[in-house]
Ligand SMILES: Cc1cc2nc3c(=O)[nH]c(=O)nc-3n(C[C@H](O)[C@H](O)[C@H](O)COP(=O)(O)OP(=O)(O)OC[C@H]3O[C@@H](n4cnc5c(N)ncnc54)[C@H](O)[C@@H]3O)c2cc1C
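Before any questions on binding or motion, here is one chain by itself as C-alpha coordinates, the form predicted alone.
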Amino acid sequence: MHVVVCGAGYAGVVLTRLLEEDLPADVDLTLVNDRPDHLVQHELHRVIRRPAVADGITIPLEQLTERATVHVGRIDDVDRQERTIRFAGGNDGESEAHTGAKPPDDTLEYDVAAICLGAETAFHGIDGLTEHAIPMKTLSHAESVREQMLAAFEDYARGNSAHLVVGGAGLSGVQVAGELAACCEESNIDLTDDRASVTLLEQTESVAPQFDPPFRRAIRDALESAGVTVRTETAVVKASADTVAVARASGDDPRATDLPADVFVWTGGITGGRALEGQRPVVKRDLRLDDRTFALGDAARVVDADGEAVPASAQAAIRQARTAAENIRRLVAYERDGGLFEPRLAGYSFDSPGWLVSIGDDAVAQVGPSVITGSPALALKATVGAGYLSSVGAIREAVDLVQHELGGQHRC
(Lines give C-alpha, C1' and ligand atoms only; values in the text may rest on other atoms or scores of the structure.)
Protein backbone atom coordinates (compact mmCIF):
# COMPACT_ATOMS: atom_id res chain seq x y z
CA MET A 1 0.00 0.00 0.00
CA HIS A 2 1.28 3.43 -0.91
CA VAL A 3 0.51 6.79 0.76
CA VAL A 4 1.76 9.95 -0.95
CA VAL A 5 1.98 13.43 0.55
CA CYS A 6 2.19 16.09 -2.16
CA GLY A 7 3.98 19.22 -0.99
CA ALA A 8 6.34 19.98 1.90
CA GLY A 9 4.95 23.19 3.31
CA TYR A 10 3.59 23.33 6.86
CA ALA A 11 0.75 20.89 6.22
CA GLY A 12 2.87 18.43 4.23
CA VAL A 13 5.80 18.26 6.64
CA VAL A 14 3.67 17.90 9.76
CA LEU A 15 1.44 15.31 8.06
CA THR A 16 4.43 13.27 6.89
CA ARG A 17 5.99 13.19 10.33
CA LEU A 18 2.70 12.09 11.92
CA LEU A 19 2.20 9.37 9.31
CA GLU A 20 5.73 8.11 9.92
CA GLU A 21 4.63 7.42 13.49
CA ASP A 22 1.12 6.17 12.75
CA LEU A 23 1.34 3.99 9.66
CA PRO A 24 2.33 0.32 9.80
CA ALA A 25 5.88 -0.40 8.70
CA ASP A 26 4.75 -2.27 5.58
CA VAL A 27 2.93 0.80 4.19
CA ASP A 28 5.06 2.82 1.79
CA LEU A 29 5.13 6.55 2.47
CA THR A 30 6.39 9.12 -0.05
CA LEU A 31 6.81 12.89 0.34
CA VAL A 32 6.96 14.78 -2.98
CA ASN A 33 8.13 18.38 -3.22
CA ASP A 34 9.50 20.62 -5.94
CA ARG A 35 12.52 21.40 -3.78
CA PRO A 36 14.60 19.23 -1.48
CA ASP A 37 13.93 21.47 1.52
CA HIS A 38 11.14 22.89 3.66
CA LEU A 39 10.77 26.68 3.66
CA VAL A 40 9.63 28.31 6.90
CA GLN A 41 7.37 30.70 5.02
CA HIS A 42 6.37 32.97 7.90
CA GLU A 43 10.02 34.07 8.30
CA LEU A 44 10.66 34.70 4.58
CA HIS A 45 10.34 38.47 4.90
CA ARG A 46 13.37 38.47 7.23
CA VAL A 47 15.61 37.56 4.29
CA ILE A 48 15.04 41.03 2.81
CA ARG A 49 17.01 42.57 5.67
CA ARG A 50 19.15 39.65 6.84
CA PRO A 51 20.15 37.33 3.98
CA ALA A 52 21.82 34.92 6.42
CA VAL A 53 18.38 34.00 7.74
CA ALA A 54 17.89 31.99 4.53
CA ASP A 55 20.11 29.21 5.88
CA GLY A 56 17.95 28.84 8.97
CA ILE A 57 14.57 28.79 7.25
CA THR A 58 15.39 26.22 4.55
CA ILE A 59 15.57 22.80 6.17
CA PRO A 60 16.53 19.70 4.13
CA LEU A 61 13.63 17.27 3.91
CA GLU A 62 15.99 14.39 4.58
CA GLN A 63 16.64 16.00 7.96
CA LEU A 64 12.93 16.19 8.76
CA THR A 65 11.93 12.68 7.69
CA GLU A 66 12.80 9.24 9.02
CA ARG A 67 11.12 6.50 6.98
CA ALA A 68 9.39 8.47 4.23
CA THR A 69 10.90 8.42 0.74
CA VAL A 70 11.57 11.97 -0.47
CA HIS A 71 11.07 12.62 -4.19
CA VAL A 72 12.08 15.99 -5.62
CA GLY A 73 9.86 16.78 -8.57
CA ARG A 74 7.32 19.32 -9.75
CA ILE A 75 3.81 17.91 -9.85
CA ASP A 76 1.93 18.72 -13.04
CA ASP A 77 -1.35 16.90 -12.41
CA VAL A 78 -3.13 14.72 -9.87
CA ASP A 79 -5.43 12.24 -11.65
CA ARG A 80 -7.79 11.25 -8.86
CA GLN A 81 -9.72 8.78 -10.97
CA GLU A 82 -6.58 6.80 -11.81
CA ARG A 83 -4.91 7.67 -8.49
CA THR A 84 -1.85 8.79 -10.37
CA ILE A 85 0.44 11.78 -9.88
CA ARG A 86 2.07 13.12 -13.03
CA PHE A 87 5.26 15.13 -12.99
CA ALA A 88 6.41 17.98 -15.19
CA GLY A 89 9.17 17.30 -17.71
CA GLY A 90 11.80 18.73 -15.37
CA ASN A 91 12.28 20.59 -12.13
CA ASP A 92 11.76 24.30 -12.08
CA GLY A 93 14.93 26.29 -12.52
CA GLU A 94 15.34 27.03 -8.82
CA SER A 95 15.14 23.36 -7.80
CA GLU A 96 17.49 22.13 -10.49
CA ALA A 97 20.06 24.81 -9.79
CA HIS A 98 19.88 24.01 -6.10
CA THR A 99 20.41 20.25 -6.28
CA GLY A 100 20.86 19.10 -9.83
CA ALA A 101 18.23 16.50 -8.96
CA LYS A 102 15.86 15.13 -11.55
CA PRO A 103 12.24 14.40 -10.75
CA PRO A 104 11.12 10.85 -10.12
CA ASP A 105 9.48 8.76 -12.83
CA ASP A 106 6.90 10.56 -14.97
CA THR A 107 4.09 9.15 -12.83
CA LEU A 108 3.59 7.95 -9.28
CA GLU A 109 0.64 5.79 -8.24
CA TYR A 110 -1.02 6.04 -4.87
CA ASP A 111 -3.64 4.32 -2.76
CA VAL A 112 -4.16 7.35 -0.52
CA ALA A 113 -2.85 10.85 -1.20
CA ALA A 114 -2.85 14.20 0.55
CA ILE A 115 -2.52 17.34 -1.57
CA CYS A 116 -0.62 19.93 0.44
CA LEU A 117 0.79 21.95 -2.45
CA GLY A 118 0.04 25.38 -1.05
CA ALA A 119 -1.15 28.20 -3.27
CA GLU A 120 0.23 30.56 -5.88
CA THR A 121 0.13 34.35 -5.91
CA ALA A 122 -3.02 35.73 -7.52
CA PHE A 123 -2.44 38.61 -9.94
CA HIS A 124 -6.15 39.08 -10.78
CA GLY A 125 -5.47 39.97 -14.41
CA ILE A 126 -4.16 43.43 -13.43
CA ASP A 127 -2.25 44.98 -16.31
CA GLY A 128 1.52 44.78 -15.86
CA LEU A 129 1.43 43.07 -12.48
CA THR A 130 3.08 39.77 -13.41
CA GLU A 131 5.84 41.62 -15.29
CA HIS A 132 6.66 44.33 -12.77
CA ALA A 133 5.68 43.12 -9.27
CA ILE A 134 7.66 40.70 -7.12
CA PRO A 135 5.59 38.13 -5.19
CA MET A 136 6.78 36.71 -1.85
CA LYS A 137 6.61 32.93 -2.08
CA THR A 138 10.23 31.76 -2.45
CA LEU A 139 13.74 32.65 -1.37
CA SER A 140 14.48 33.98 -4.84
CA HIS A 141 11.58 36.41 -4.45
CA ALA A 142 12.93 37.75 -1.15
CA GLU A 143 16.40 38.03 -2.65
CA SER A 144 15.00 39.94 -5.64
CA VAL A 145 13.23 42.37 -3.31
CA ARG A 146 16.48 42.94 -1.43
CA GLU A 147 18.47 43.45 -4.63
CA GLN A 148 16.04 46.03 -6.01
CA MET A 149 15.77 47.75 -2.63
CA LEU A 150 19.54 48.16 -2.31
CA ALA A 151 19.70 49.51 -5.86
CA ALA A 152 17.06 52.09 -4.89
CA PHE A 153 19.07 53.01 -1.81
CA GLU A 154 22.12 53.62 -3.98
CA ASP A 155 20.05 55.89 -6.22
CA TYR A 156 18.80 57.75 -3.15
CA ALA A 157 22.38 58.37 -2.03
CA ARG A 158 23.01 59.95 -5.45
CA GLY A 159 20.06 62.32 -5.01
CA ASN A 160 17.35 60.23 -6.66
CA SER A 161 14.32 58.45 -5.16
CA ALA A 162 13.71 55.33 -3.11
CA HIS A 163 9.99 54.63 -3.21
CA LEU A 164 9.06 51.12 -2.02
CA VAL A 165 5.48 49.90 -2.52
CA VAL A 166 3.73 46.80 -1.18
CA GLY A 167 0.36 45.76 -2.60
CA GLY A 168 -1.89 43.78 -0.27
CA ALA A 169 -2.12 44.35 3.49
CA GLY A 170 -2.70 40.85 4.76
CA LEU A 171 -0.19 39.60 7.31
CA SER A 172 2.41 38.83 4.63
CA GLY A 173 2.21 42.34 3.17
CA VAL A 174 2.32 43.89 6.62
CA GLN A 175 5.52 41.99 7.47
CA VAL A 176 7.19 42.92 4.18
CA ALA A 177 6.33 46.60 4.62
CA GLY A 178 7.66 46.54 8.18
CA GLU A 179 10.91 44.96 7.04
CA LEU A 180 11.37 47.51 4.23
CA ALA A 181 10.83 50.36 6.69
CA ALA A 182 13.39 48.86 9.07
CA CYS A 183 15.89 48.63 6.22
CA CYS A 184 15.28 52.29 5.43
CA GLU A 185 15.97 53.27 9.02
CA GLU A 186 19.15 51.21 9.20
CA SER A 187 20.36 52.64 5.87
CA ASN A 188 19.65 56.25 6.86
CA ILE A 189 16.84 56.61 4.33
CA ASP A 190 14.64 59.42 5.62
CA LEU A 191 10.98 58.41 5.17
CA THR A 192 9.90 61.99 5.92
CA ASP A 193 11.81 63.09 2.81
CA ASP A 194 9.69 63.42 -0.33
CA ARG A 195 12.31 61.35 -2.17
CA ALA A 196 11.70 58.22 -0.07
CA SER A 197 8.68 56.23 1.10
CA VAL A 198 7.37 52.83 2.08
CA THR A 199 3.71 52.58 1.06
CA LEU A 200 1.32 49.73 1.88
CA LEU A 201 -1.78 49.50 -0.34
CA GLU A 202 -5.00 47.71 0.57
CA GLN A 203 -8.27 47.75 -1.38
CA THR A 204 -10.47 47.08 1.66
CA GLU A 205 -11.07 49.58 4.43
CA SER A 206 -8.44 48.17 6.82
CA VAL A 207 -5.09 46.46 7.02
CA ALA A 208 -5.32 42.78 8.04
CA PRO A 209 -9.02 42.88 7.06
CA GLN A 210 -9.80 39.29 8.15
CA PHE A 211 -8.96 39.96 11.78
CA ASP A 212 -10.55 41.58 14.81
CA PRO A 213 -10.63 45.41 15.00
CA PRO A 214 -8.26 45.77 18.00
CA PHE A 215 -5.63 43.64 16.24
CA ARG A 216 -6.06 45.61 13.02
CA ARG A 217 -5.72 48.95 14.82
CA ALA A 218 -2.57 47.85 16.64
CA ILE A 219 -1.01 46.69 13.36
CA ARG A 220 -1.76 49.99 11.64
CA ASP A 221 -0.36 51.95 14.58
CA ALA A 222 2.85 49.91 14.50
CA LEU A 223 3.21 50.36 10.74
CA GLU A 224 2.73 54.12 10.92
CA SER A 225 5.13 54.37 13.85
CA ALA A 226 7.71 52.63 11.66
CA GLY A 227 7.21 55.23 8.94
CA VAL A 228 5.02 53.20 6.61
CA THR A 229 2.37 55.15 4.67
CA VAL A 230 -0.81 53.05 4.82
CA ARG A 231 -3.40 53.59 2.08
CA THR A 232 -6.60 51.61 2.48
CA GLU A 233 -9.58 51.53 0.09
CA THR A 234 -6.98 51.83 -2.66
CA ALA A 235 -6.93 49.36 -5.55
CA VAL A 236 -4.00 48.66 -7.83
CA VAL A 237 -5.18 48.95 -11.44
CA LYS A 238 -1.91 48.85 -13.38
CA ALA A 239 1.82 48.45 -12.90
CA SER A 240 4.79 49.56 -14.97
CA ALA A 241 8.56 49.46 -14.53
CA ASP A 242 8.60 52.47 -12.20
CA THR A 243 4.99 53.31 -11.26
CA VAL A 244 1.90 51.73 -9.74
CA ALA A 245 -1.45 53.12 -10.87
CA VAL A 246 -4.06 53.17 -8.11
CA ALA A 247 -7.70 54.18 -7.83
CA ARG A 248 -10.26 54.37 -5.07
CA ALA A 249 -11.65 50.91 -4.45
CA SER A 250 -15.08 52.31 -3.58
CA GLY A 251 -17.13 55.12 -5.05
CA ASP A 252 -17.79 56.23 -8.60
CA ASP A 253 -14.49 57.95 -9.36
CA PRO A 254 -12.66 55.75 -11.89
CA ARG A 255 -9.64 58.03 -12.21
CA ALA A 256 -6.27 56.46 -11.46
CA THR A 257 -3.17 58.17 -10.15
CA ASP A 258 0.41 56.99 -10.52
CA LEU A 259 2.59 56.28 -7.50
CA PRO A 260 6.36 56.14 -8.03
CA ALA A 261 7.64 52.63 -7.32
CA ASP A 262 11.34 51.81 -7.41
CA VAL A 263 10.41 48.48 -5.81
CA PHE A 264 6.96 46.88 -6.02
CA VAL A 265 6.09 43.79 -3.95
CA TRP A 266 2.74 42.06 -4.48
CA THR A 267 1.03 40.01 -1.76
CA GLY A 268 -2.54 40.67 -2.86
CA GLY A 269 -4.13 37.24 -2.73
CA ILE A 270 -3.71 33.57 -3.56
CA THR A 271 -4.95 31.11 -6.15
CA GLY A 272 -4.58 27.40 -6.85
CA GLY A 273 -1.53 25.91 -8.51
CA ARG A 274 -1.16 24.11 -11.82
CA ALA A 275 -1.62 20.64 -10.36
CA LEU A 276 -5.21 21.56 -9.43
CA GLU A 277 -5.87 23.56 -12.61
CA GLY A 278 -5.54 26.87 -10.81
CA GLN A 279 -8.31 26.02 -8.36
CA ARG A 280 -8.45 25.80 -4.58
CA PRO A 281 -11.16 23.14 -4.23
CA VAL A 282 -13.57 23.19 -1.31
CA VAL A 283 -13.21 20.39 1.23
CA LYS A 284 -15.36 19.86 4.30
CA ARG A 285 -14.72 18.64 7.81
CA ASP A 286 -12.97 15.37 6.87
CA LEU A 287 -10.68 17.21 4.38
CA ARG A 288 -11.45 14.75 1.55
CA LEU A 289 -11.66 15.56 -2.13
CA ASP A 290 -12.77 12.00 -2.77
CA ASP A 291 -12.70 8.69 -0.92
CA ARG A 292 -8.89 8.35 -1.14
CA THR A 293 -7.60 11.89 -1.75
CA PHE A 294 -7.33 14.64 0.83
CA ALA A 295 -6.57 18.36 0.37
CA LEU A 296 -5.42 20.68 3.12
CA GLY A 297 -3.49 23.84 3.86
CA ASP A 298 -3.58 26.67 1.35
CA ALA A 299 -4.21 24.19 -1.49
CA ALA A 300 -7.87 23.99 -0.48
CA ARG A 301 -10.72 26.11 0.78
CA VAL A 302 -11.56 24.36 4.01
CA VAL A 303 -14.99 24.47 5.62
CA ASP A 304 -14.66 23.09 9.13
CA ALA A 305 -16.95 20.95 11.29
CA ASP A 306 -18.83 24.07 12.40
CA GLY A 307 -19.52 25.11 8.81
CA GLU A 308 -17.05 28.00 9.03
CA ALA A 309 -14.62 28.94 6.26
CA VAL A 310 -11.06 28.55 7.54
CA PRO A 311 -8.51 31.30 6.80
CA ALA A 312 -5.40 30.30 4.88
CA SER A 313 -2.64 30.32 7.49
CA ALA A 314 0.25 28.29 8.84
CA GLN A 315 -1.54 27.48 12.09
CA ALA A 316 -4.60 26.21 10.23
CA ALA A 317 -2.45 24.04 7.96
CA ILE A 318 -0.63 22.48 10.92
CA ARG A 319 -3.86 21.63 12.71
CA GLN A 320 -5.46 20.28 9.55
CA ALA A 321 -2.47 17.96 9.17
CA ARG A 322 -3.35 16.33 12.49
CA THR A 323 -6.89 15.62 11.35
CA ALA A 324 -5.71 14.34 7.97
CA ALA A 325 -3.15 12.05 9.63
CA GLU A 326 -5.83 10.46 11.80
CA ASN A 327 -8.16 9.96 8.85
CA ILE A 328 -5.45 8.45 6.66
CA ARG A 329 -4.50 6.10 9.49
CA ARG A 330 -8.12 4.94 9.75
CA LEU A 331 -8.42 4.44 5.98
CA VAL A 332 -5.18 2.48 5.80
CA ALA A 333 -6.25 0.24 8.68
CA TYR A 334 -9.59 -0.38 6.95
CA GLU A 335 -7.90 -1.31 3.66
CA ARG A 336 -5.31 -3.58 5.26
CA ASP A 337 -7.77 -5.37 7.52
CA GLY A 338 -10.39 -5.87 4.81
CA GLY A 339 -13.13 -4.22 6.85
CA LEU A 340 -16.74 -4.35 5.69
CA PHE A 341 -17.60 -0.76 6.52
CA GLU A 342 -15.51 2.28 5.84
CA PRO A 343 -14.45 4.01 9.03
CA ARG A 344 -16.01 7.13 10.40
CA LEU A 345 -13.53 9.94 9.80
CA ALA A 346 -12.53 12.70 12.18
CA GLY A 347 -13.72 16.25 11.59
CA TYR A 348 -11.53 19.33 11.63
CA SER A 349 -12.57 22.38 13.65
CA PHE A 350 -10.66 25.63 13.45
CA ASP A 351 -10.03 27.22 16.83
CA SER A 352 -7.23 29.76 16.71
CA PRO A 353 -5.34 30.46 19.95
CA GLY A 354 -4.28 33.82 18.52
CA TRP A 355 -2.35 35.63 15.82
CA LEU A 356 1.14 37.07 15.47
CA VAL A 357 2.75 39.45 13.03
CA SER A 358 6.17 41.11 13.01
CA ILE A 359 6.65 44.70 11.87
CA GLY A 360 10.37 45.36 11.58
CA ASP A 361 11.76 45.13 15.11
CA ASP A 362 8.27 45.37 16.57
CA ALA A 363 5.48 42.80 16.70
CA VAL A 364 1.77 42.62 17.38
CA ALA A 365 0.05 39.61 18.91
CA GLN A 366 -3.55 38.78 19.68
CA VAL A 367 -4.10 36.16 22.36
CA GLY A 368 -7.80 35.65 23.00
CA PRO A 369 -9.29 39.14 23.28
CA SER A 370 -5.99 40.73 24.35
CA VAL A 371 -3.61 42.54 21.99
CA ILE A 372 0.08 42.63 22.89
CA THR A 373 2.81 44.74 21.29
CA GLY A 374 6.52 45.40 21.71
CA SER A 375 8.96 43.07 23.47
CA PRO A 376 6.33 40.66 24.87
CA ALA A 377 4.89 40.16 21.38
CA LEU A 378 8.37 39.64 19.92
CA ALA A 379 9.14 37.05 22.59
CA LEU A 380 5.85 35.28 21.94
CA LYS A 381 6.49 35.22 18.19
CA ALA A 382 9.97 33.78 18.70
CA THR A 383 8.61 31.15 21.08
CA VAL A 384 5.85 30.06 18.70
CA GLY A 385 8.24 29.90 15.75
CA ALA A 386 10.80 27.92 17.71
CA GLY A 387 8.08 25.61 18.98
CA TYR A 388 7.06 24.76 15.43
CA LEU A 389 10.64 24.10 14.33
CA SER A 390 11.26 21.90 17.36
CA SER A 391 8.07 19.96 16.68
CA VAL A 392 9.31 18.95 13.22
CA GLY A 393 12.79 18.08 14.47
CA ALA A 394 14.65 21.25 13.44
CA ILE A 395 16.23 21.92 16.83
CA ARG A 396 19.28 23.85 15.62
CA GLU A 397 17.09 26.08 13.46
CA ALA A 398 14.79 26.70 16.44
CA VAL A 399 17.71 27.95 18.52
CA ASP A 400 18.95 30.13 15.67
CA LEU A 401 15.49 31.64 15.21
CA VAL A 402 15.26 32.68 18.86
CA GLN A 403 18.71 34.23 18.66
CA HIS A 404 17.80 36.17 15.53
CA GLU A 405 14.46 37.36 16.90
CA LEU A 406 15.62 38.33 20.39
CA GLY A 407 19.36 38.84 20.04
CA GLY A 408 19.32 42.05 18.02
CA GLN A 409 19.34 42.84 14.35
CA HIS A 410 22.13 42.92 11.80
CA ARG A 411 22.23 46.06 9.72
CA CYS A 412 20.67 45.93 6.30
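For every residue, the number given is its place in the sequence shown, counted from 1. Here the structure is a predicted model, which is why all the values come from computation and not from measurement.
Below, we refer to the form predicted in complex with the ligand, which is not included among the displayed structures.
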Is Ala181 close to the ligand in the model of the complex, meaning a heavy atom pair under 4.5 Å apart or at it? no
Does the ligand get within 4.5 angstroms of any non-hydrogen atom of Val4 in the model of the complex? no
According to a 4.5 angstroms non-hydrogen atom cut-off, is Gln41 in contact with the ligand in the model of the complex? yes
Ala317: heavy atom within 4.5 Å of the ligand in the model of the complex? yes
So which of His163, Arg74, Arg146, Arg329 reaches within 4.5 angstroms of the ligand in the model of the complex, heavy atom to heavy atom? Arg74
Can you pick the one in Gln203, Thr323, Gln175, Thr243 that has a heavy atom within 4.5 Å of the ligand in the model of the complex? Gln175
Heavy atoms within 4.5 Å of the ligand in the model of the complex: which stretch in 190-198, 110-118, 257-265, 338-346 meets that? 110-118
Out of 130-144, which residues reach within 4.5 Å of the ligand in the model of the complex, heavy atoms considered? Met136
